[in-house]
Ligand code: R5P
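One chain is shown next in structure tokens, namely the form predicted on its own.
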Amino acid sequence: MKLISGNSNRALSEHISSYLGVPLTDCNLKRFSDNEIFVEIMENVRGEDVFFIQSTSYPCNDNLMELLIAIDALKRGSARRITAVIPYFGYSRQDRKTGGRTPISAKLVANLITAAGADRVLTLELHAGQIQGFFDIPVDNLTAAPVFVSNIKDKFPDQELCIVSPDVGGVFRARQFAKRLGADLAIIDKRREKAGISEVMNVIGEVDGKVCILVDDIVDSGGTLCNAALALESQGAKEVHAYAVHGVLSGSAVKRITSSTLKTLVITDSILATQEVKDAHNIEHVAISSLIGEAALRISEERSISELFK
């Protein structure tokens, strides 16, 4: 197998490379003066099983184009199989029509990746599971649950825990966490007036005196988690922590998180952290490289991935 890194998260690619003991293939990624992207694979890939690692995080469109062009370069270089490793799948929140004359951008991106020449996709914690069906090629959607559950057990060994879903859509994820941890389950009932702004309405479940752990796939503006933390504390929660797979943290999100009542926000390194995120006193990181690396190895060796989560 060959590993190639895009520019979106070189550090994660290096950690995956270290886990697998496979060096990163040399790749020339540059921009022309008009900002057009150029990709040249500097080693022979003919007949090889190639994994191109690229999160389509900020700047989303640039990273997406880099991914597509790299896949095309590998296809024209006669790679035997091309796996697009996308730790964070951008546009995943646009998975359905939300009104008249609106796009389903996740489907469009799936079409672009397939048309570019990818043979399969390896990704982490899609915002909506049905996005797998948008592709006409195999998609392996990993879950960060094993990594998060291990971290929670280490941090809260003797605490009475309550796993909390920040909205109704995340109940399945929260229930899986609660089952693994033997913890209670609660749900935040909220109403979203418009994108990026949420209003907490009610807490469903018993949280009084418990350590509450909010679990979500994406934290962007941070408003939902911060509002949920206030609602939980008003219902008697002992303290509130949050676990989110993808730390988008756009705009003033970091400032909002650091000034909130959240004790900690734990995110993975699926998105390259900015210096502001690294400096935040209550934002922690857990590594996801071993999970992605092991999944890539199993794909290359034609072994089961689902066994990772049993």
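Bear in mind that the values here come from a model prediction, so they are computed numbers and not experimental data. One rule holds for the numbers: they count along the sequence shown, beginning at 1.
Another form, the form predicted in complex with this ligand, is not on view; read the next lines as being about it.
With the partner removed from view, the residue among Asp184, Asp167, Glu233, Asp140 that has a non-hydrogen atom within 4.5 Å of this ligand in the predicted bound form turns out to be Asp167.
The contact with this ligand in the predicted bound form, taken as any heavy atom within 4.5 Å, belongs to Ile218 out of Ala116, Ile218, Ile104, Val171. Taking the partner from elsewhere, Gly223 is found to have a heavy atom lying within 4.5 Å of this ligand in the predicted bound form. Looking at Lys210, you'd find every heavy atom of it more than 4.5 angstroms from this ligand in the predicted bound form.
In the predicted bound form, Lys190 approaches this ligand with a heavy atom inside 4.5 Å.
Lys75 falls outside the set of residues with a heavy atom inside 4.5 Å of this ligand in the predicted bound form. Note on the interface: of 67-75, 105-113, 223-231, 201-209, the segment with non-hydrogen atoms within 4.5 angstroms of this ligand in the predicted bound form is 223-231. Along 244-264, no residue reaches a heavy atom to within 4.5 Å of this ligand in the predicted bound form.
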